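Quick setup: one chain, the form predicted alone, written in structure tokens, and binding and motion questions come after.
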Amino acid sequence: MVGEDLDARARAYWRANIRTVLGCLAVWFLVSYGAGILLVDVLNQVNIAGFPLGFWFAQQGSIVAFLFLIIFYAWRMNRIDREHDVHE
């Protein structure tokens, strides 16, 4: 009984972990590949400080989004760890 309960809790923890990782990867893909490559022509019609928005996403936006995703991942994993009682 105790082993089965532990297995169920471990599966729930990793399911939450994998869901978070896949969500972060999807956002990173949309920002870096979608906005920086696929939608570049549409985004280039808008200028920010004299630079086309598509260029900005390809050069800066994907890096900024990646940094925000790192911060979000750390925050979210801390919450998941506390929810599943595996925090430090």
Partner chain sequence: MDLKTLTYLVVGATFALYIGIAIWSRAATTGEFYVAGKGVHPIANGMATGADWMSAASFISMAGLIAFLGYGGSVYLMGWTGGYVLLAMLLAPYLRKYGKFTVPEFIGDRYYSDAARVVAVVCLIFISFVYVAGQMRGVGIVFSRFLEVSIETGLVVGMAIVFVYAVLGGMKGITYTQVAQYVVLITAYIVPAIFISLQLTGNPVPPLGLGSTVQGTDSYLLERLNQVVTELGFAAYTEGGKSTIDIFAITAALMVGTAGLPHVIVRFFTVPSVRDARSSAGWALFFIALLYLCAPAVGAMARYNLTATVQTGPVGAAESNLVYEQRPEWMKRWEQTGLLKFEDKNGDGRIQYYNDTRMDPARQQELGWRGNELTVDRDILVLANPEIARLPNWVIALVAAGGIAAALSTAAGLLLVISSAVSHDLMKSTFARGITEKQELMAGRIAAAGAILIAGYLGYNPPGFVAEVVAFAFGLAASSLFPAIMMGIFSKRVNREGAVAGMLAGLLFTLGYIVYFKGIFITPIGKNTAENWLFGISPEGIGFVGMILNFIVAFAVSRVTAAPPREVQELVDFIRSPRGAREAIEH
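Since the model is a prediction, treat every value here as computed from it, not as a measurement. Numbering follows the first chain given and starts at 1.
Keep in mind that the form predicted in complex with its partner chain is missing from the display, and what follows is about it.
Interface residue remark: V46 is not counted as part of the site for its partner chain in the predicted complex, having no heavy atom within 4.5 Å. Interface membership of I63, defined by any non-hydrogen atom within 4.5 Å of its partner chain in the predicted complex, is confirmed. Its partner chain is not shown here, but in the predicted complex it comes within 4.5 Å of a heavy atom of I37.
Mapping the unseen interface onto this chain, D81 counts among the residues with a heavy atom inside 4.5 Å of its partner chain in the predicted complex.
Along 63 to 88, a non-hydrogen atom within 4.5 Å of its partner chain in the predicted complex is carried by I63, V64, F66, L67, L69, I70, Y73, A74, M77, N78, D81, R82, D85, V86, H87, E88, in order along the sequence.
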